[in-house]
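Just the one chain here, laid out as structure tokens, in the form predicted alone.
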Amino acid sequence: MQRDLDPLAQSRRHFIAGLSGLGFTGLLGASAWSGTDESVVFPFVNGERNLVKTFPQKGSMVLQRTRPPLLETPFEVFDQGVFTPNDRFYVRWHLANIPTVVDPATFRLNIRGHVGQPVSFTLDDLVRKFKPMEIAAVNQCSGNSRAFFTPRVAGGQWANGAMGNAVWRGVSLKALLDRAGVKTGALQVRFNGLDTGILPQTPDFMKSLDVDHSLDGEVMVAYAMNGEPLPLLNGYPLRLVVPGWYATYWVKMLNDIEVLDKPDDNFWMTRAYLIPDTPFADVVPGQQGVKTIPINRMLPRSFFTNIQDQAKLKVGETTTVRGIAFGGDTGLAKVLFSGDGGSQWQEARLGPDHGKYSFRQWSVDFRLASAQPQKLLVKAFNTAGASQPERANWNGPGYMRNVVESVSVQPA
């Protein structure tokens, strides 16, 4: 049964009270971050992972790493609704020093650089003095599904759960930049958060967007997700939301915005998160001399959510097969399903449309006609005409996997 969250359930007064009250208690119990109990086994080499329930403001999560925390959403969560509950929303940090206390009374968001007038905003300013905006959008780690790359690559060995979908609420970045007054000649806007590295020489995690993108009216400084203040591990009190782009740009604990009059040359833009400038960021292992560019727009994807690989189905009995899909950097146009390994395809039913950047549920009725195993396939197409490839891409960092998904089913 599809179960969606109601992101507008709180009154504005109730919400503001909650936003102001989170800071000093956001990470109480952080000493228990390493606690584990159950485990899950993924279908790749060294695929056993602990399930943890001890991270603050989080339910049961798949533990990928403790510090900085990498927590994956258990995949069964995605079958419960197209909006990912805040307490099950995946977590990915780059730097290990994450504030465990944020005082909402003293917190400031500063905008500076190549602007007419530097400005500073309190949380109260953002909530009360600007028109709120909302957008449903998928947040997906660049390395989601990295553990399925063959040959294997270095980095966090995510399965498919390094993603989530939420209704984000906040202030248009354009409205904030307009208050500061972006000067002629500005090229990029750089974003920085409160997290820091352990060693002084660790490059500060900063990401940049071109000025035109920053002013497009869709990029947002969010203070809420799914009708509640951001969980601290998901960026409280503010995070950048860049719909349709990979999550490396969605800077958490955002407190500094700098308008630049030259291209950003910081480490995280020029040496990290680079992809081959090829279709699907695809290269041959060992290939040299390939031009690289910063990772950017997401690709269409689709998944099965109620059928796992090697599931047993009764011969002759109709089963509703369902899943989720999204268009990447634009809307989802259609989802195709094959019940015979790709020989024939049919268009799946699509659930409610929550906006072009959101997950959307798909479903089909499938009947296993004979006592033979079958491979089920699902493929998403977006409104720009892009679709998932039938062959998986490969690149050294393990980014942007979006191959056609498959599961095998067995006769019961």
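Residue indices: 1-based, along the sequence shown. Everything quoted here is computed from the prediction, not taken from an experiment.
Quick note: we don't show the form predicted together with a small molecule, though the next part is all about it.
Trainee: Residue 190 versus the small molecule, in the predicted complex: is there a non-hydrogen atom within 4.5 Å?
Mentor: Residue-level check for residue 190: no, no contact with the small molecule.
Trainee: At the 4.5 Å heavy atom threshold, is residue 251 in contact with the small molecule in the predicted complex?
Mentor: Residue 251: yes, in contact with the small molecule in the predicted complex.
Trainee: Answer with yes or no whether residue 326 is in contact with the small molecule in the predicted complex, where contact means some heavy atom within 4.5 Å.
Mentor: No.
Trainee: Any of the heavy atoms of residue 334 lying within 4.5 Å of the small molecule in the predicted complex?
Mentor: Because no heavy atom of residue 334 falls inside 4.5 Å of the small molecule in the predicted complex, the answer is no.
Trainee: Which among 314 to 322, 148 to 156, 135 to 143, 170 to 178 is in contact with the small molecule in the predicted complex, heavy atoms within 4.5 angstroms?
Mentor: Looking at the other structure, the answer is 135 to 143.
Trainee: Could you check which residue among 273, 121, 223, 83 gets a heavy atom within 4.5 Å of the small molecule in the predicted complex?
Mentor: Contact check passes for 273.
Trainee: Quick one: from 338, 165, 208, 234, grab the residue that has a heavy atom within 4.5 Å of the small molecule in the predicted complex.
Mentor: The option sitting close enough to the partner is 234.
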